[in-house]
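Just the one chain here, laid out as structure tokens, in the form predicted on its own.
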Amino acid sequence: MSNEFSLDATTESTAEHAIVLRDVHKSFGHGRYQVFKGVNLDVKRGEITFVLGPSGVGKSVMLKHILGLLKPDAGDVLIFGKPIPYDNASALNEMRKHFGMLFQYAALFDDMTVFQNVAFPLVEHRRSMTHAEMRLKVSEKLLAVGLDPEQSLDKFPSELSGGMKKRVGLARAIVLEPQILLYDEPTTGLDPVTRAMVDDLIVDTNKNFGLTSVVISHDIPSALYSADHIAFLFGGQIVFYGTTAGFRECQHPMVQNFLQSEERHRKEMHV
């Protein structure tokens, strides 16, 4: 059995979909709690796909399936057309190097500087790099997300604003130059100005680095602004998949409930 999970240039350029979930089922509690009841999702290469849905429907469970942290009870998960190598730890670790992840609230290490936080994946996976090479690579990624390395490299997270923490978290997510970037509720708890900044950062990063991005969220304005496609997860299935325009017109009751709740909230904010 091969210890590698390689995505050569031919595979990446010819695969229409970066991620495919096909008829995925997943239950917990010895089958008592069924989260997925046949989830189907095709994430197109090079696009930004938002996965929306109410709390508790399994959006984070989906991320764990994409990363191979959870194995479906039935169904398949494919990365650039290749099945996840669940039973080969070395190949699974290799596969995950093709992913970057921006965690909710950035999840920076409080006792590490910005440089140490962003360089953490390099220390784990690029052990042959010198300190100087790592510092150069980290500086490049900080610049790419709009931070001045000279002003930020040696700061600690407690010295950063919420927006700066998001940028540092994103720099860490792209430092290994992944093909796929995953976001877990990136705008949760942010003020409107910082949220708009994060929305722009998602769009710009995806375009500038030629990535495929999957954003787990309940933030409708962010999805309508940033997404190429929206998937709506409810009742263990994807009940809508399409463009932002199609999402606005979707007549599924829970989608309409989501849209109407956002409209009420927007009106209340302007009272």
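Quick caveat, the model's predicted, so the values are computed rather than measured. In case it trips you up, residue 1 is the first one in the sequence shown, and so on.
Quick note: we don't show the form predicted together with a small molecule, though the next part is all about it.
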With the partner omitted here, the residue among Pro54, Gly236, Pro221, Gly242 that in the predicted complex has a heavy atom within 4.5 Å of the small molecule is Pro54
The small molecule isn't shown here, but in the predicted complex which of Leu211, Val35, Val39, Ile66 has a heavy atom within 4.5 Å of it?
Val35
Is Phe28 close enough to touch the small molecule in the predicted complex, meaning at least one heavy atom pair within 4.5 Å?
yes
Even though the partner isn't displayed, in the predicted complex is His229 close enough to the small molecule, meaning a heavy atom within 4.5 Å?
no
Taking 4.5 angstroms as the cut-off for heavy atoms, does Val61 touch the small molecule in the predicted complex?
yes
